[in-house]
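Given as structure tokens, the chain that follows is alone and in the form predicted alone.
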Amino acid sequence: MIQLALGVIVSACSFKDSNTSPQPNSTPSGLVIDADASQVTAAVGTPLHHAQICAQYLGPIPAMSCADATLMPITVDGVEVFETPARCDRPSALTGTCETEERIAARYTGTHNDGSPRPEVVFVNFCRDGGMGVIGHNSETGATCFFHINMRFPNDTLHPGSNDPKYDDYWQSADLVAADNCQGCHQADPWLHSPWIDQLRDPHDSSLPLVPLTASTDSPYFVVGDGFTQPYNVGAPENSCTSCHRAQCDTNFAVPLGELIMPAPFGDSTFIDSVSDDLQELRDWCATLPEGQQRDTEGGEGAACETALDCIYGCGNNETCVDLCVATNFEGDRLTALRDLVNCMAEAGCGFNEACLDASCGAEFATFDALCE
């Protein structure tokens, strides 16, 4: 798993008076591409293709560097230390340890394609062993993208953004990032919190943590990108753990964050005395979820067909991009059926999107869908 998980916003689950139940997330194809979005021109399967699809919902992906990130302070009994200790006041949620010299979380405000600020879009990078991970999120639409690059540290290189032709030389492709199942940890919300990460503060408002606070049952959250699926919440228990936000399994982490005194942001590692019935019910449900449950790990035809359609929807009206999506994913009867579907959508003149498919090409889709079962 990519080392992006920072903690978990989960309720201590001490009350049982809510009737709110979590709702399954919609698919990214329900999002609307930005009016000023640039066309997707990169070849399918390349890192730049992933960046350009994400840029349709987040604006250009900025250039980033670990030199911009903050050196995570490590304290033992309130005293800062500069060598990795056996224990610490605020351990990493993911590992339960405190590794010194980790630069975590630089925050970049998104922009429109004309370069003007876009405050509803935020990118946060995380630099630790294994590489630099990035999360980009649009708080108004919920569009979220995950990125990653392998690197050795220290590394102060400025890694290119999506408008730079050298992008592919640095960043990983969508399939490699998706294989790490980022949304398996980032389940309730793109932004995860713990006492460890909440030591870092928003550079524009020190009263707030650097990692944004957005989680609620109504916060929009959609993962964008070929091969990615939506965070899994279907069948989660209806109790106080899911009354404030979507279900979040803290069983993926070394620190029992569900037992922290709520709410986030966390000032210290103060835990409740005992696990409530609601928290235990949520953890029992989490234990039933197979690893990688968000993805068809056997590579079934249904998953491949869904990936192909998501690829096509991400192209907008770029026919070259659509042709690459078609040619890359199939052969034989499925390839023929997908070409017939795409030709129908082109002839309908309403674009390569789900609405056009539903309105004009139902018969062609039914033929293609039957071959995907």
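Numbers follow the displayed sequence, beginning with 1. Keep in mind it's a predicted model, so treat the numbers as computed, not measured.
Note that the form predicted together with a small molecule isn't included here; everything after this is about it.
Across the options 112-120, 235-243, 159-167, 78-86, residues that bring heavy atoms within 4.5 Å of the small molecule in the predicted complex belong to 235-243. Note on contacts: among N138, N181, Q199, S173, the single residue with a heavy atom within 4.5 Å of the small molecule in the predicted complex is N181. Interface membership of G142, defined by any non-hydrogen atom within 4.5 Å of the small molecule in the predicted complex, is ruled out.
In the predicted complex, the small molecule lies farther than 4.5 Å from every heavy atom of F222.
Among heavy atoms of C98, none comes within 4.5 Å of the small molecule in the predicted complex. The closest heavy atom approach of M262 to the small molecule in the predicted complex falls within 4.5 Å.
Contact annotation for the candidate site: A51, C66 and N150 all lie away from the small molecule in the predicted complex (no heavy atom within 4.5 Å).
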